[in-house]
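A single chain, nothing else alongside it, follows as structure tokens in the form predicted on its own.
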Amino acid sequence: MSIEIPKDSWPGEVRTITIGATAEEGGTRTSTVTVGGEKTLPFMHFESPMPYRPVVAIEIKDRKPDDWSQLLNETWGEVMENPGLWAKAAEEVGAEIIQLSLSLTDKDGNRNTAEAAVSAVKNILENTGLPIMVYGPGQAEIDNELIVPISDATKGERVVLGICEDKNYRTIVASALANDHLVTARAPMDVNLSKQLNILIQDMGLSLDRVLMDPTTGALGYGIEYGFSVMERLRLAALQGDAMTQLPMAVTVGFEAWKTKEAKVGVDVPKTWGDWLERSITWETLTAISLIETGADIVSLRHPESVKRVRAAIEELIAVPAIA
């Protein structure tokens, strides 16, 4: 007895976006990454195959961070002192994109400079052929001071610049327009605010084919269910034909997961919490897989073992046979 599986046919689809540029395309990358193109909900293979699988990025910094977990410091070791070597090490453990998060200050506490930021990016480009994403420290004024010179120095590389927010998108978008880059647009867990920011960016003349959407999320146990819901609603709106939500989604999982108490604290905790390292990696891994299952196209992680586990989960989900 055969069973007919009901199938939805959606009028809309997610835009396809390519990050990075090879020598033939005017850049220096040895590989590029393409995301998006979905015509149904994640991994619903029986309705429509996923044209591009979700991608795992690794987040690195322009210097050894002061506020990262001891576990991460022990894992990456000396390469954290050199962003180029750190990027190379990240590629070796499975990164498909390098996300560089710029620091607010240098190791001596002085304000970060454009010269230092550009030098870090060039160092990364020389040590890896992967496409890159570059995010500012998160303060509008210094974000602009650092991102614009980086944009100018990497013209043609199709770098993802960020992060564009409602109070800080104009300068970054203008720089992306001038140098053929892409941007990430972040709104605070709200469907309408995400749409509004995308509209503002498009109104500046930047094609939505060069915009990634970061709807923001929490980590496992810290509001992930709300972030999951917002991402799900954005994906449903996209498939229903809302052009302003038809953008691939990129989320900073490592940033969220490694600031939770369960990942940060290794002493004076209940024994039932288990091994500190395993607990932390599990927190990051489960956060990433949960968000991939709701539509995340790019997840940015920090620990190599998390990368390994998330990529394995993606392979397993992709390999599920379509139902006839």
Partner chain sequence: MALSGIEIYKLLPKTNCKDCEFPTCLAFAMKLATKQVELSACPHVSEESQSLLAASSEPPIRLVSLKSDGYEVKAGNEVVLFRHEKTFYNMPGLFIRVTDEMTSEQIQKKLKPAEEYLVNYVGIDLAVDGYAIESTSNDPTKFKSAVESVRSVSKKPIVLICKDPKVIRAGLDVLEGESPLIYAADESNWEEMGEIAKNANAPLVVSSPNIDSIAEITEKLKDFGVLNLVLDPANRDLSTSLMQFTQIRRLAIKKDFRPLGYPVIAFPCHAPSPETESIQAAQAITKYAGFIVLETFSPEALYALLVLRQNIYTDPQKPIQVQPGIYEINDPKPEDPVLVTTNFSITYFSVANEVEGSGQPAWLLVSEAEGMSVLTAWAAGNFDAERIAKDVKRFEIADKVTNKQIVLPGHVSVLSGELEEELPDWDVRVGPREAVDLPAFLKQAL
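Residue numbers count along the first chain shown, from 1. Remember, predicted model here, so these are calculated numbers, not experimental data.
The same protein has a further form, the form predicted in complex with its partner chain, not shown here; the description that follows concerns it.
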Quiz item: Here the chain is shown alone; which of 50, 33, 286, 56 has a heavy atom within 4.5 Å of its partner chain in the predicted complex?
Solution: 286
Exercise. Choose from 157-165, 196-204, 75-83, 231-239 the stretch whose residues reach within 4.5 Å of its partner chain in the predicted complex, heavy atoms counted.
Key: 231-239
Exercise. Spell out, yes or no, whether the shortest heavy atom distance between residue 279 and its partner chain in the predicted complex is within 4.5 Å.
Key: yes
Quiz item: Is residue 290 a contact residue for its partner chain in the predicted complex, using a 4.5 Å heavy atom cut-off?
Solution: yes
Quiz prompt | Partner contact for residue 309 in the predicted complex: its partner chain, 4.5 angstroms, heavy atom | solution = yes
Exercise. Give a yes/no on whether residue 89 approaches its partner chain to within 4.5 Å in the predicted complex, heavy atoms considered.
Key: no
Quiz prompt | Complete contact of 220, 225 and 273 with its partner chain in the predicted complex (any heavy atom, 4.5 Å) | solution = yes
Self-check item: Members of 43-78 lying within 4.5 angstroms of its partner chain, judged by heavy atom, in the predicted complex
Solution: 43, 44, 45, 46, 47
